[in-house]
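Presented as structure tokens, the chain that follows is alone, the form predicted on its own.
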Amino acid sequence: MKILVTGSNGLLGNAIHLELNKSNHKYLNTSHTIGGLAKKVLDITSMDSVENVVSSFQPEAIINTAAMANVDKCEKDRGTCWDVNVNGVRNLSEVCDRYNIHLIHISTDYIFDGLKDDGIYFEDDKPSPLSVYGESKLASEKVIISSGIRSAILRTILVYGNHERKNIVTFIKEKLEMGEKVDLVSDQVRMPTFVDDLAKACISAVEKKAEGIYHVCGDKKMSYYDLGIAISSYFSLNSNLINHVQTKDLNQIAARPPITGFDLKKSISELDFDPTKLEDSLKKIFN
């Protein structure tokens, strides 16, 4: 198949490249700037840019990993956030409609408020975002669904992976290795997602021509503090450097959902999703 990937220089884009490179698919890596893995410039906020690249490459599917994902920056700059996360997705949806292209889009647990008793959300649970970022990703879902195009929306949680690209796991490990203190909250609980697993789910959605909403994440709930302790234990680093703090201590600009996890039955059943255990993923990342 011919697959176009947006946001190829990001953490997920890189993982998708590595997976596709092992396949027989023809694919084109794009980003809003040239360089890195990107072979073409594709600015999703520009309809001309989207139209030019899509009409030239003529993909059967687009995997959209491009997004403004810094939650606090989104809170401070709603205009840019909306332009990338909503208007950009509208551009992709319109082109997909015109050329009958299957769109795979990445969304987030931040569309939920995290106030559910057990913190486990199903695909059909009612969203209630607490932040501009969450609002923008929910709006992007609505744009895609209302367009009527063939699409699969993969919601995910706290993605980590490749040691060459900054993410929560590499951040914690590097801090501890340098002997620096790191503040980690115990009252924000997630189900961290190994990026390789998410990349495989994206490609599976393409290959299976999946449609609808899918929840894709790790299989274990843990706080950021728990994650830090697990990392320090695995690499025999000093856990005393981890400061046990609460969300209120961080003075974060945007509100975060306290507890979010996903029920994975649908993605396991329909996408053959198989989440990697944290310890196994750490071995893959750093060995």
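What you see is a predicted model, and the numbers here were worked out from it, not measured in a lab. Numbering starts at 1 and follows the sequence shown.
The next section is about a form of this same protein that is not shown, the form predicted in complex with a small molecule.
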item: Candidate from N29, S223, S232, T45 lying within 4.5 Å of the small molecule in the predicted bound form - any heavy atom; value: T45
item: Interface residue in the predicted bound form among V189, I203, A139, L158, criterion: non-hydrogen atom within 4.5 angstroms of the small molecule; value: L158
item: Non-hydrogen atom within 4.5 angstroms of the small molecule in the predicted bound form for each of L4, S147 and S151; value: no
item: Listed range touching the small molecule, judged in the predicted bound form by heavy atoms within 4.5 Å, from 35-43, 250-258, 55-63, 236-244; value: 35-43
item: Contact test in the predicted bound form: L227 vs the small molecule, heavy atoms, 4.5 Å; value: no
item: Any non-hydrogen atom of S93 within 4.5 angstroms of the small molecule in the predicted bound form; value: no
item: Close approach of V84 to the small molecule in the predicted bound form, 4.5 Å, heavy atom; value: yes
item: Partner contact for Y121 in the predicted bound form: the small molecule, 4.5 angstroms, heavy atom; value: no
